[in-house]
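We've got the same protein chain twice here, in two forms, each standing alone as structure tokens: structure 1 and structure 2.
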Structure 1
């Protein structure tokens, strides 16, 4: 019997033995794979269709984003209002997003309404018509958002740093202009939609309280469509980075802050250094207690927040430091970033700080395993990056065992100022 007079021992997160709940997999009649997590206490369900229809597959700029954005805006039998009203009537939410390699159509609903919603979801996939009036509104809204965004230094910096790293023709480096929206043609949207959606490569993820008829319903509404399983490998593009490494751009003469981006190319998840570098990144600038935050926010007071991250790309990645600082301290901020890089190259991190980072990272993973939607998101990231279950357990093992000496060696290899692009937009 438990002795209630004694407080239980407090355990560090690194002592937890985390397990990734396995998925169930089945295949529709047309070969499209479905990955499913049956978990959770509530009668809710997520169904996400992932199409290989990101901007890597477009022949003209912004076509992929435009098609994805207009998916819900009309079929041959339903207007945009009728489609949105149908999902709202059942308390459901249908969202869509477009990325570099993939684009998604995601349904969140009560499980009991699935049979009422999948038919309309199927209609969107098989019969979107892209009405001219909806395209016109889409153009107008996007151009207005773009005009507002271009006045913000942070928005401009986010566009340009990727272009410097990968090149403006690379899918990771492209960005939109008003002329791209003016050039949108309905026929281009229809052609891309037919090739990449109604006849495209697809993979389905589901999670939540799975009803027993899920496989039957998905096969009924999507297994008969001319969809195909995902390609074995997505297309790779040639990287053409900018020759110059330092940029200073004047964007807002009345602004008081500058947007800073410091970034360097970095390998993807398949590289043997990636998992250890992820630990180094958290220590460097990946959480509120990081070196960059402690120095540049807490000590110097140059910014409200600064963080670093490894980009979530399939093929090539980048190590990015991002912040906004007062115009008069932008250069000093950059110097402090390099000072922190130097410290990591020259000095071993102490045990207490490394344990803090280990516990933080394990806590993040623990939170990501709390609930069916978070679980399937973990699996989705693994599957779409052509990894397997071992990657999850290797990442945990790396967090628990990476040494200060290994982190110092990584810093020496990667955190060299001459490898980084500098961009300040003021």
Structure 2
């Protein structure tokens, strides 16, 4: 008879010897570096062009997002429809995203179609024209989407908390208003595009089953363009945090839940506390078994989910607690968050819980290193944050060795309620 009360023996995940598969790197004729991971069984491929075209580079609000959003909407020889039709015909996905420092143009395709798709991708990088008609549709639709978003408490809370942390002038703190869309000018878009894309700084990441001719193809289509290698980036924006710490906003008279955000500034990945804080964050609110989830969801039932995280910024981060809770239990939820902070400041985490967090984090990383797209994403994060592979191995080492005393000390330094902005949007 099997004894079901006894757990099977496990191999502690901390015993795993995790290795980050190294990338291969080559440089195009114009100096643009290409990082590549050749892995995976399926004949699929990802090619991502990263431009230094995030909102840190814009002179007016939302220019960076608008240019990125309109990249697929016309070149001098192709309409938006023709561009979309081309990629879709080959079952490929061409997506774009705009962040604070960077903005991307990303192709996912079956490897066999690559040679048909790169020429059009090149056209988009070198020859986008931003037709007036497309800009006007873009403005209208973005404004409508914004209007719907502003009815949602979580959307409103997400904007406001960033503005409190960094100030509305800062790339990490600013947000869009309907007037910003109204003010969009075609010439602003064209100028930004020319500077940050067609003559901009670029890094290429590629992953999947890499065909042998990839280097030649990338050089042919992107290596002859007037693109440049990435710039040396420095922090050039001043953070102007809000003076007032506590906010209660009534956004929707019919609201039945409040969006709660509790947040405090935190240094970036280069700070010696970052990796340890990452472990403390998991324990605090970073997974299903965290203190916050166990208490506020699994014991009190105040919310469907509560999470804490360190914001993914290059220059300056923030430690954020985020949840949507029943309208009547918002204040009780906030109190419980502070109670959990207090507990972490005053009590040492016991060995079993710390071991669980270590094993959980190692298991997640092991699973996360699975597959070419995940591997390149990890490398991309390292490279764009001006780190190297030592960061990966240090983070593993920290997970394995950080002590309960160190976590308590970190909590004492950082998890102090008076350092946190506190916001409820109903």
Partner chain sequence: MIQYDRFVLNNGLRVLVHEDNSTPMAVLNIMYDVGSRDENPEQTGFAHLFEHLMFGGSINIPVYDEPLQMAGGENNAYTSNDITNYYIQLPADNLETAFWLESDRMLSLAFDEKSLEVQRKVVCEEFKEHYINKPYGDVWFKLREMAFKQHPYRWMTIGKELSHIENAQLQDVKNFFFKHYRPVNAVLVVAGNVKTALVKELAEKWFGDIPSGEKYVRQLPVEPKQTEARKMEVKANVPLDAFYKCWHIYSRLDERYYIADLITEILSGGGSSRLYQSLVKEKQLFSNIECYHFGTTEAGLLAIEGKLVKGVQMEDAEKAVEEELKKIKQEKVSEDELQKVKNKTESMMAFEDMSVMNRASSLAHYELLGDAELMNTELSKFHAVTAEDILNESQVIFDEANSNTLYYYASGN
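Numbering follows the first chain given and starts at 1. All values derive from a computational prediction rather than experimental measurement. Here, rigid core means the biggest group of C-alpha atoms that superpose within 1.5 Å across both forms.
Shown first, as structure 1, is the form predicted on its own. With the core held fixed, the Cα of residue 9 is displaced between the two structures by 2 Å or more.
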